[in-house]
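Only one chain is included here, represented as structure tokens and corresponding to the form predicted alone.
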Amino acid sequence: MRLLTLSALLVASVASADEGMWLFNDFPTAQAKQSVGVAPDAAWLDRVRLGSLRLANGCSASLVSADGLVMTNHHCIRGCLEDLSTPERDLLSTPFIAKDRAAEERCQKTEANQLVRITDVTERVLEATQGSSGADYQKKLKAEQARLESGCAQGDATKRCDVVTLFHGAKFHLYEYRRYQDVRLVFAPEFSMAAFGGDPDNFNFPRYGLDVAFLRLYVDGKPRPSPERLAWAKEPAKEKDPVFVSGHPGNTDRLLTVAQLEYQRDVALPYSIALLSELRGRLDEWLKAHPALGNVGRSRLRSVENSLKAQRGAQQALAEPSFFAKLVSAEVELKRKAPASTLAGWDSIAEATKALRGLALEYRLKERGDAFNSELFGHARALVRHRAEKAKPNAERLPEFTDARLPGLTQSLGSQVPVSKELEIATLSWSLQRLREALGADDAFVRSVLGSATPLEVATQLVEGTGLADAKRRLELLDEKAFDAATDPLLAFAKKVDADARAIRQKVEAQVDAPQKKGNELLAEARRTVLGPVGAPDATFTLRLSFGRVQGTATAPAMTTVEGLFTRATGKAPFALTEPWLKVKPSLKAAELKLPYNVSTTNDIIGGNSGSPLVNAKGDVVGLVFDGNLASLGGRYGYEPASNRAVAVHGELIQFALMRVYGAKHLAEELLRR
């Protein structure tokens, strides 16, 4: 992979003009004005915030019509397309176009969140945890978070409230969301057009992906009125235009210490790359052996391939000697100038990172679920822990089982989407095999899990014997009497492994999480003292705003065109055009062939920004972010303005595709309606 082309590539610098995934309640208006010539005011920020949505599966979206129409990426709702597909109707191979509201179909697993309020609760959290450390710190932190979230939600299932940790524990904000769980599919092109170019083109530019989909929010069975929606721009985006991305970047590590970055480079990333590489091979083999079930596993495979490429890019960035040397130099300089009272922060984090090296494998396997790669096991663990946590006071529960989180759990368990037992057996048996390989056949936990059986035998017995594939049964088991009377083998299995999983989780929270958070309070003080305002916090899958311009690089243009798509097409996957595109091609006019297709911008984004609206200076939609280029993969650790680019579907292309290619004129008109 060609990722690093300049010796100074990816060097993190607060001075980089367009760097930053900024909080809406702490947006650097003056910096944006200086960089792109636009200074959003409070009304602009409020409108864009309310017009932006988060999909709980890890993507972003936006409200784009007054009747609850939502725009996001095709790859963000592929799971829904798979779930709605049947042997007679493969929605990954054919486009889905709802001709009217009655034809819009519910995505059972999709939840949309709209951020309505941000409250700084740092003083409350720090006061509640003052003087504590280790397990005691974690206990007090969880209790205060539970109190804040439950007090915010007040038992209202239409609300979601999350305490968000910023600057790695130096600040805490309470985010209040409106929760929408009736989300219906309106439009999606073919998988092959959304992902045109496949893995070879992934994280590259030039690009020709029609990675767009439309959903609609419903409340009480009716489309949700959306006066706060983002209007479609009257003028298309052009090269050098200022643009903003409002979305939910998932995770960056730009404020990590050198000790933490070494752990990422030497332990965490190599582990993930090996895991994903093997899973990709297993899924590929399974799909070839089960061609009739292709609609079940294709998006899973694509997701694994995407994650694998991203992890490799991040690891390659950290492995580049000159880049890492600059990170080390920057930390040395910061420590040299930092107050002596803050230096213990680095020591605390170094000790925590050392402890993590000894705990990580067991934690990943037992608690993070790498040993139990199964949707049904996930349901079983959720039910087992719900029963155990429900008996505790709300403030003492695991965060994911507090009263404020119950609506999300209920939706997940109540999803009526069919589960492929064949795929479940394949992934669970593979992960159980990895557990045995990682810990050894003589390990006590491995013996308790497998006994004298093979991984395949255990997986088959559990998947074939469980009743948890039935959503109605899962919801029944939320009742403690029904749960206590149940004899389901997968529930029994989840109970058996839960004590070990909880034990390693408690160790990580006490020996790693708590000292890291306390250390980061000191590091934040050091940065404030030495550097002054330190810029945006690391990404946390919460709403952020970045600014930039439509711009190419030294080796790539700012935009591709419809004509370029036809030139790039070879007739063979992954560069094959579908029938609607082949059919429309002879009738296209010269002006239509010159229409922009995909566009690159200097906006600072990361995974989780998929589905983010690209808006202009007025806050109107001019495109849809769906990817970054290869250089953006190192954006996890730093932003390099010369080559790091966000990639979006151009707004004109979306209109063109709806009206000319897919016959969805009614949707195109709904977007333009003001």
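Numbers for residues come from their place in the sequence shown, where the first is 1. Bear in mind that the values here come from a model prediction, so they are computed numbers and not experimental data.
The form predicted together with another copy of the chain exists for this protein as well; it is not shown, and the discussion that follows is about that form.
- Here is the short version: of Pro418, Gly552, Pro574, Gly378, the single residue with a heavy atom within 4.5 Å of another copy of the chain in the predicted bound form is Pro574.
- Checked against another copy of the chain in the predicted bound form, the candidates Val332, Ala590, Ala292, Ala441 yield a single residue with a heavy atom inside 4.5 Å, and that residue is Ala441.
- For a residue to qualify, one of its non-hydrogen atoms must sit within 4.5 Å of another copy of the chain in the predicted bound form; none of Arg178, Gly414 and Lys517 qualifies.
- The candidate stretches are 230-238, 274-282, 155-163, 392-400, and the one lying within 4.5 Å of another copy of the chain in the predicted bound form by heavy atoms is 274-282.
- Another copy of the chain in the predicted bound form comes within 4.5 Å of no heavy atom belonging to Glu579.
- Interface membership of Asp201, defined by any non-hydrogen atom within 4.5 Å of another copy of the chain in the predicted bound form, is confirmed.
- Not displayed here, another copy of the chain is kept clear of Gly467 by more than 4.5 Å at the level of heavy atoms in the predicted bound form.
- Taking the partner from elsewhere, Pro321 is found to have a heavy atom lying within 4.5 Å of another copy of the chain in the predicted bound form.
- Along 441-463, residues Ala441, Asp442, Ser452, Ala453, Thr454, Glu457 each place a heavy atom within 4.5 Å of another copy of the chain in the predicted bound form.
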